[in-house]
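For reference, the chain that follows is the form predicted on its own, supplied as structure tokens.
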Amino acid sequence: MRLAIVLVTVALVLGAPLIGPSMPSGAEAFIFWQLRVPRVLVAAAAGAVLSVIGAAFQALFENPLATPSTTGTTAGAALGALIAILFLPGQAAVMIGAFVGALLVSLPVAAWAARAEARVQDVLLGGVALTLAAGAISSGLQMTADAEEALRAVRWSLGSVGQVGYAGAAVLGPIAVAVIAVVLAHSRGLQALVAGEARAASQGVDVAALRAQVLVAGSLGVGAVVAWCGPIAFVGLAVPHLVRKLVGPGREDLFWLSAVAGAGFLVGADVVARVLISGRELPVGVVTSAIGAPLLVGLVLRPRR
């Protein structure tokens, strides 16, 4: 099953640039190398980062519904990036703003999740509340911007990998490798944490250091993806759950398999966004939300059944 996940991802990544409308004569090389290849690289890096962070957050918060989207990390990164887009020049400022915003939202949710009396529902509600607050502030900021800036912000907020290019791939690639390396280095500790902080501590896990390092790495990864691609929701929720269904829960290889499957998932979602409507291109965030939202509803309702 692990080999199947890897093979499907490789097939998607290698075949995605060739999928789509026929290319005009004489423009094949330009469209292939300058448009399609970089967007596949960006989609693979972003999907791997979001998926591995989702799997790590689910273990870190001891909550199967905890992802960058449901804990408010994505919304915080989006708010920080939006502030930079509207008021500060340069892509570096956008990345810094997204990282700071993601970290500022993640820390209070993590602190609440660490309390003994915290329940799963409370952590989720806290993340939802912070997400709504960040979204309201973002909407207010867009209303204060001029028409051109507001339109640019709205397009960015839908999530897209099509306009990033090789510059974005050169930034997201190393960040993806670093974030995945941090999560894999803590894979045993994260799996121990699923059984509770006391159990993890009894196995020699430094829970405080683990939580801090994973939160910083997760905020950096989400911030980078949001800064370059905009907020892309539900990848960190859908992919780890699908991987668990295929390989089983409680496995240390869940994290690297989630990264591999996430790369293929977002590349496939981008292909769907590119070819679903002839002559038009949907934002990839719309496709991932259409897949992830029903899954989230199903996961929430499942305990009641």
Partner chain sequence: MAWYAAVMLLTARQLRVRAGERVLLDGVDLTLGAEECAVVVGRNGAGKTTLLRALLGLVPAEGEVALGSIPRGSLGPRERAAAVGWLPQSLNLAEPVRAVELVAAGRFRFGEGRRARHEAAVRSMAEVGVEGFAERLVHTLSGGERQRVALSALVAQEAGLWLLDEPASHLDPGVQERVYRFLVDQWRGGRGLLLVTHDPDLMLRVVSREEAAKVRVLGLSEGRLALEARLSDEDLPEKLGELLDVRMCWAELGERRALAVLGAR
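Given the structure is predicted, the values throughout are model-derived calculations rather than measurements. Numbering follows the first chain given and starts at 1.
Not on display, but discussed next: the form predicted in complex with the partner chain.
Point to revise | Contact residue in the model of the complex, chosen from Val205, Ala169, Val100, Val123 - any heavy atom within 4.5 Å of the partner chain | key: Comparing distances to the partner chain in the model of the complex, the residue within 4.5 Å is Val205.
**Study point:** Sole residue of Ala150, Ala201, Ile96, Val128 within 4.5 Å of the partner chain in the model of the complex, by heavy atom
**Key:** Only one listed residue qualifies here, and that residue is Ala201.
Exercise for review: Consider Ala134 of the chain shown here, and say whether it contacts the partner chain in the model of the complex, taking contact as heavy atoms within 4.5 Å.
Suggested key: Heavy-atom contact with the partner chain at 4.5 Å: absent for Ala134.
Point to revise | 4.5 angstroms heavy atom contact with the partner chain in the model of the complex for Ile85 | key: Outside the cut-off, so no.
Practice item. Decide whether Ala192 counts as a contact residue for the partner chain in the model of the complex under a heavy atom distance cut-off of 4.5 Å. Key: Contact with the partner chain, yes.
Practice item. Flag Gly196 as yes or no: does it have a non-hydrogen atom within 4.5 angstroms of any non-hydrogen atom of the partner chain in the model of the complex? Key: Yes, contact at 4.5 Å.
Exercise for review: From the candidate stretches 171-179, 76-84, 214-222, 184-192, select the single one in contact with the partner chain in the model of the complex, where contact means a heavy atom within 4.5 Å.
Suggested key: Of the options, only 184-192 has residues within 4.5 Å of the partner.
Check your understanding: What residues in 248-269 sit within 4.5 Å of the partner chain in the model of the complex, counting heavy atoms only?
Key -> Going through 248-269 in order - heavy atoms within 4.5 Å of the partner chain in the model of the complex - the hits are Pro249, Gly250, Arg251, Glu252, Asp253.
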